[in-house]
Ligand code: AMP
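So this first bit is one chain, no partners, the form predicted on its own, shown in structure tokens.
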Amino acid sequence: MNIAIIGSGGREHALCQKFSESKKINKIFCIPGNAGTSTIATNLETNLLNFKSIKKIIIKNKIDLVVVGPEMPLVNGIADYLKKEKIKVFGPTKFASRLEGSKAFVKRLCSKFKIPTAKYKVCKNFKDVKLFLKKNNFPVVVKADGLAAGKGVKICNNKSELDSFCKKIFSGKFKTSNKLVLEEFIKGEELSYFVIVDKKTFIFFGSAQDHKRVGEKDTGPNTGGMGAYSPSPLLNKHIEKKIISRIIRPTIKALKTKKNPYTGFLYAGLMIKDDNPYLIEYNVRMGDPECQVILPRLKTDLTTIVLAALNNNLSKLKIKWSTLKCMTIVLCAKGYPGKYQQSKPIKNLRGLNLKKNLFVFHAGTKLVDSNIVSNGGRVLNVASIGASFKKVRLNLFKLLKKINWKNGFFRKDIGWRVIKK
């Protein structure tokens, strides 16, 4: 069969790579893709929110299955549109995608269905902000209600920081948000928990830990993710039982009661405090860069898994995983997540002789006259699998040294929680 992956980041390169290992796949297309996907797929350029254009591409190239990578097309209803056009698509509906598209929607869902999360208030103006502050102390978490590419969240330690960030959101810094959510700050350890869902059931699809802050020792502004590792040592049977019973199952049940059953990848961003999980956020797709550390550990054919979900047969499937550990470090353009230069050549990629346990997933790259140049803030994801996180990270440092991209930077402490000096 022919398959199309929607998106252009490291997650989509990792998906293309995993689908390319399937005997069920004939041709892979990536819409629009990047320099990395071009080596294993046919890149097709179009606007991701122009669903009519995407439909034409699908029909013209006789594509049998579409897998949506990023959140924006899902939140805008691409799955609904393609289903109406009788095109097989893997991803949740527009309504179900509100789990990521609206922080306020998720919080209200949590309140109604008793899903553990931080105390909160949805704020439309500074009057609402003041009301929240009367009952809550600093630090306070501020979240833009809509999509913000991982940059719409800030932990504020005082009123000056809070007012400044709230003003940015209310004034339209993030185009999808004109309101915000204030949350109490829960101090604990983060855990990313993934499931794959069909209309009848769900199954575990990996755990990871992401590093959101741009600076080492988790300092500086939030980003789309500076690195990740899998599996998360925080996850055990005791914690997982609580995650499923208190968070995942009630959420999926809630969407069914609203007559919008969920189908697709579902990613719960959790905070673990005193051995209890609290929901921080939902993503309605594979995380990025978490996807890049989960898929290299997957032993079961990804095509088989996706088709089982679309046919509501996940209950008959047993997914097999490697016992090895995986880590990715994100190589970013200097200046990210602020202003950065684009179209900078990356000269040493083609000369790399990668071993089986090493991967370079392109995130923000493009081809210009057959040369690979940067095309975004997060440019490359180097990933590796191995017996220990310490050895894996050393392998990544060696690989980054070979790439030797002078216009980029990366965090040298990815995995610091699991790699003790």
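Residues carry their position along the shown sequence, with the first being 1. If you're wondering where the values come from, they're calculated on a predicted model, not measured in any experiment.
In what follows, reference is made to the form predicted together with this ligand, a form of this protein that is not presented.
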Which one of I203, V153, L349, M72 is close to this ligand in the predicted bound form, taking close to mean a heavy atom within 4.5 Å?
V153
If you check F185, Y340, Y81, F132 against this ligand in the predicted bound form, which one has a heavy atom within 4.5 Å?
F185
V141, N222 and I280 - do all three of these have some heavy atom no more than 4.5 Å from this ligand in the predicted bound form?
yes
Would you mind picking out the stretch of 230-238, 186-194, 256-264, 321-329 that comes within 4.5 angstroms of this ligand in the predicted bound form, counting non-hydrogen atoms?
186-194
Does any part of K168 reach within 4.5 Å of this ligand in the predicted bound form? Heavy atoms only, please.
no
With the partner left out of view, is A118 within 4.5 angstroms of this ligand in the predicted bound form by any non-hydrogen atom?
yes
Classify K94 as contacting or not contacting this ligand in the predicted bound form by the rule of any non-hydrogen atom within 4.5 angstroms, answering yes or no.
no
Should R249 be classed as touching this ligand in the predicted bound form when contacts are defined as heavy atoms within 4.5 Å?
no
